[in-house]
Every structure is written in C-alpha cells, then in structure tokens.
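Here we start with a single chain on its own, the form predicted alone, put down as structure tokens.
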Amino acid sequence: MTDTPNDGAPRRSLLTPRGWAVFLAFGFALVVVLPILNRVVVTGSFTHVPDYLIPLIGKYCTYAMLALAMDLIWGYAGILSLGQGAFFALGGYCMGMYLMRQIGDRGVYKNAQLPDFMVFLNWKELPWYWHGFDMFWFAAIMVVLVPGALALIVGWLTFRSRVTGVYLSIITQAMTFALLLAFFRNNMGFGGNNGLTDFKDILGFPIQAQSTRVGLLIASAIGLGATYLICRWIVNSKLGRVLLAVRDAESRVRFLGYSVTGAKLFVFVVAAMLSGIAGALYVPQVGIINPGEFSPAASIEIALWVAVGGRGTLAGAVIGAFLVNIAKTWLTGAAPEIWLFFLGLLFIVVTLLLPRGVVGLVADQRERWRARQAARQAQAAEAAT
C-alpha cells in the first residue's frame, strides 16, 4: 500500500497488510502465548514453557532491539559503529544503579545508604552521580539521556570532521574500550570488576518471582515492537531516503545541499537511545551488569547479528539476533570450547557466501521460484498454441 504526498513522490505505508499480520502474530506469541504456556499450562505438559526460558527469550528480545538500532545506522546510513555495545551497557548501568538503590538495608552489610560494594571499599557517602537513582522515573530518563548524550558528543565530533569508514569504526571501538577500562576501576563507583548485582526487586515486585520475569518478558517484547516501528517509521520517511543516499553517495548528497552531518547525527543519537533502553530491559532479566558488557568483541558480535539476518532489512536484524543467540546458547552449553571458532566461521561464511544475509537468501530463492513458475507458464502457453 502506498500513498502520494504533496510533492508527488510515492510514500510507502509503515507496514504492508502482510507485514502487519506477521508483526502482530509475532507480538501475540511473545506477549500472550508464551506467558500462558508458562503460567497456566501444567508443569510436565508437552506445551508447558519452562521457567528458565522466559528470561532467556526476554534477553533475546533485548538483543533484537540492539540489533535494530545497529541496522538503523549501519544498514541504512552506512555508519559501521563498533561501539553500540557501550550505549547498551550504559543503559544497563543506569537500570542497575536504580536496582541497587532498591536493595536498601537488605544487603550483606545492612547499610540502607550505601550498596554493599561501597561499604566493602570503605566509601563514606554516596557519590553525587548516584543521587536520584532511588526513583524509577529518574533512572528511566537517565537510561535514555546518558547514552544519547555520549552519542551526541562523539557523533558531533566525528561527523563534523567528516570521519567515515574504518576510521569511524576504530574511534567508536576505542571509545568502548576506554569505557571498559574506566568501569573496571573500583574508584569509579560502579562495582569494579564485579559490577552491580544481587538485585532484590523492581517497582516493588520481587525480581526473582516468576510473575515478575513474565512481566519483564512482556515489557521486552513491547519494547522490541516499539523499536521496530520507530525504526520502520524513520527509514520510510524522507529522512530515511536521505540516509540511504548518504550511505551510497555521501559526497553527492552534501553537494545537493543536504545536511549530512545533521542526518547522521540524528540517527546515531536515536540508535544510542534505543540501545540504552534495550540495556535497561536486559539487566533485571539477567541479574547483573558488569564491565564485560563494554567489551569491543560484544559490539562486533552485534554487527554479526545484523549481517547474518540481512543488513538494511529491519526484519533481518531481528531474525539474525535470535538465530545467532539461540546458537550461542546451545553451543556454549553443548561445546563451549568451539563457540568462538563457530562465530569466526559464521562471519567468514556470511561475508563470502551470504552478503545479503538470511533475508536476502530467502528473497533470492523466492525470485528463482517465481522465475521458474513464469517459465513453466510460458512453456505451457506456447504448447497450447
């Protein structure tokens, strides 16, 4: 379905009827079917969903949100950022700080004012940047504001200087590595190597309760759906067409008078904010956030999710995030010693044999099938005459 704006250019609708059907079916399965199969169906039944799968699928949903943010800037704007994991981790730390403040005097040291790791390190008072995180609304704002502010600063400095390609990737990866080293330090006030953990509750609900885990899965699924629609709206807008032009011929777009810096900066900041929200939903489901989330390897893995699913196809980013992480979950349990080799092999295979990812492969097979059907119909028509 399309409509025509005042300028006469065709404009695609947000989703086609078929796309809406798939979108709503996928959301219904995550938001309604899985919770019912977990909470209502009797344990031991063939259709019962085990308790451990609920936070695992919720974690996959947050990874898919992160992959969408990566696809938005890489697949549509040509910005290969290897620091997207940093924005994810910053959002996670903001949520972790809120969860730590909710522990109160239920910690090991029974100190209502300071988290356990601060008491252990002989901190006398709460650092100024921890104030306000005892309120959920403040933490929710910081989840978006902190990654967005960092992306605004880094993006403005790099895009204004017209840094592109591999140099931009190196800068963003260096930023991630610097944050990794900083958060490892005990005197930073973020738990050092151990990070933040031992959470008790969120919004008054016990975080270990299965009903809370189901609620977090539903929140993650809704967040994934909202992220997809936001990204789809951006890429279908006039800005989305500008981003595609920037990706394919940046110098020409600049020559035509468009603000390349402004377009790239906007989408870079939006992607960082979406990554921060994904990190905030991730932390209460896994129960910990530590500096390992800043690992440059984690950001490279995010790019691999998008490449496997299909760069420049938002649905492909979701598919790639689920496929790679399902494989990772299985392999790290069945054969942990070969997981990294599998990851490297997957990167080589996708680069050489599947440049358009899984979605591109399916599209190619569909086109071949249609071509064969057309050829058969033509032969049948020719034989009939």
Partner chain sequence: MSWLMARLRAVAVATAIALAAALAASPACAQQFDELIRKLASDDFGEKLDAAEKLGALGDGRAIPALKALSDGTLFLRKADGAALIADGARYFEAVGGKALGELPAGDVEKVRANNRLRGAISASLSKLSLFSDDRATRLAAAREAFKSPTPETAAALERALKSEKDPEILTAIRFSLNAAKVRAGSVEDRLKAIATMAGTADPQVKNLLTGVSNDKDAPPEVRKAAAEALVSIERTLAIVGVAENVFQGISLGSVLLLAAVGLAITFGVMGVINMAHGEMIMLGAYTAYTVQIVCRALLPKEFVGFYLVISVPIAFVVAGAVGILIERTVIRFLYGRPLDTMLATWGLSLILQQAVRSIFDAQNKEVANPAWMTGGFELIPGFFVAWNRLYIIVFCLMVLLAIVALLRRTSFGLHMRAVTQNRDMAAAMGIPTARIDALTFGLGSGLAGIAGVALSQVGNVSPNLGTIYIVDSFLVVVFGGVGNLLGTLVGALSLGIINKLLEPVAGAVLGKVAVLVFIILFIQRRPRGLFALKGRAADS
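Predicted, not measured: the structure shown is a model, and the values here were computed from it. Numbering follows the first chain given and starts at 1.
Just so it is clear, the following notes concern the form predicted together with the partner chain, a form of the same protein that is not shown.
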Taking 4.5 angstroms as the heavy atom distance cut-off, pick the stretch from 215 to 223, 279 to 287, 125 to 133, 181 to 189 that is near the partner chain in the predicted complex. 181 to 189
Using a 4.5 angstroms cut-off on non-hydrogen atoms, would residue 161 count as touching the partner chain in the predicted complex? yes
Taking 4.5 angstroms as the cut-off for heavy atoms, does residue 303 touch the partner chain in the predicted complex? yes
Looking in the predicted complex, any heavy atom of residue 157 within 4.5 Å of the partner chain? yes
Can you tell me if residue 82 lies within 4.5 angstroms of the partner chain in the predicted complex, counting non-hydrogen atoms only? yes
In the predicted complex, do 165, 344 and 352 all reach within 4.5 Å of the partner chain through at least one heavy atom apiece? yes
As a check of understanding, the residue in 140, 202, 297, 103 with any heavy atom within 4.5 Å of the partner chain in the predicted complex should be identified as 297
Contact residue in the predicted complex, chosen from 174, 229, 119, 149 - any heavy atom within 4.5 Å of the partner chain: 174
So which residues in 319 to 342, when you check the partner chain in the predicted complex, have a heavy atom no farther than 4.5 Å from it? 337, 340, 341
